[in-house]
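We begin with a single chain expressed as structure tokens, specifically the form predicted on its own.
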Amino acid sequence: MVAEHTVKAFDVEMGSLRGLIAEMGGLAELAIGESIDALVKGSDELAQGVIARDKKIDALEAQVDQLAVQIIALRAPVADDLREVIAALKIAGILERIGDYAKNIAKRSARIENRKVFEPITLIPAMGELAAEMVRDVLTAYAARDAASASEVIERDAKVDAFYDSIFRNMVSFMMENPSTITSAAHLLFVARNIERIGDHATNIAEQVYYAATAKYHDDRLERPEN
């Protein structure tokens, strides 16, 4: 009976851990979408909502940390279970950083001038949608412990990188032709860079999902050069 109770308690705690990650992921995805909307529409209300909600993401990360440590200390998980707990710890930290990138985008939204005639701003939403889709899909892969889907997300990061390169070239050309837009264009370049980093972090989550499911590192991680 004791062993059965322990197994049930462990299952409940793991379910709670997965639930916290899912909630963090949902808030991070929402923050990405609303920060881009705030940028395009010039909505201070949307921007402030993203900034305020980031505290909730931070609080959820702290809950994940606390629960993961409790599970390790009390349940002594091994093999697949231990990998999942460690993955949850790392994923929570990555999602917190994704929330920070979305918050940074929201903070810059008020600094864009003449957005209605600022052509490069029209390129940002498509890039943001790509990154948000990566976050959504990698969390679906996490919930299903789906290594194949995680691999697909990793491969998709190249599209976000290509988008960033295209936006960078477009923005530089626009600044040269319209020197008065340099300040706003610089802010948009930072926004594009933040979105590119969100894509990178979605890839990092995918690598954790892949490792938790297979006990092997993904080839992308093995081949990645040292920074």
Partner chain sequence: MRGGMAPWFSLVLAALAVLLLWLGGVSLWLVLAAMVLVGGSLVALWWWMGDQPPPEDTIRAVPEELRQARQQAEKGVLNAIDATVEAFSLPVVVFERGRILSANAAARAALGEHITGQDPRVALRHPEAVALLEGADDQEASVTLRDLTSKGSLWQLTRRPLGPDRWAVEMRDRSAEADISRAHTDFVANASHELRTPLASVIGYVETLFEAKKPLDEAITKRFLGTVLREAKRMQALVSDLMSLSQLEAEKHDVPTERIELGALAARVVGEFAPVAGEKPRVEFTRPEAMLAVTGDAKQLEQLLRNLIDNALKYGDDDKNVTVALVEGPRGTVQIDVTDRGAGIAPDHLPHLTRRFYRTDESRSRAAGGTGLGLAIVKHVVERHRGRLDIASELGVGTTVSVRLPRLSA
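Since this is a predicted model, take the numbers as computed values, not measurements. Numbering follows the first chain given and starts at 1.
Another form exists, predicted together with its partner chain; not displayed. Remarks below refer to it.
No member of the trio Ala68, Val78 and Asp81 reaches its partner chain in the predicted complex with any non-hydrogen atom inside 4.5 Å. Its partner chain is not shown here, and in the predicted complex it never comes within 4.5 Å of any heavy atom of Arg97. Its partner chain is not shown here, and in the predicted complex it never comes within 4.5 Å of any heavy atom of Ala212.
The shortest heavy atom separation between Ala59 and its partner chain in the predicted complex exceeds 4.5 Å. For the chain shown alone, Glu155 is a contact residue for its partner chain in the predicted complex, at least one non-hydrogen atom being within 4.5 angstroms.
Stretch 142 to 150 is the contacting one of 86 to 94, 69 to 77, 142 to 150, 100 to 108, since its residues have non-hydrogen atoms within 4.5 Å of its partner chain in the predicted complex. Of the residues in 15 to 44, those that come within 4.5 Å of its partner chain in the predicted complex through at least one heavy atom are, in sequence order, Gly15, Ser16, Arg18, Gly19, Leu20, Ala22, Glu23, Gly25, Gly26, Leu27, Glu29, Leu30.
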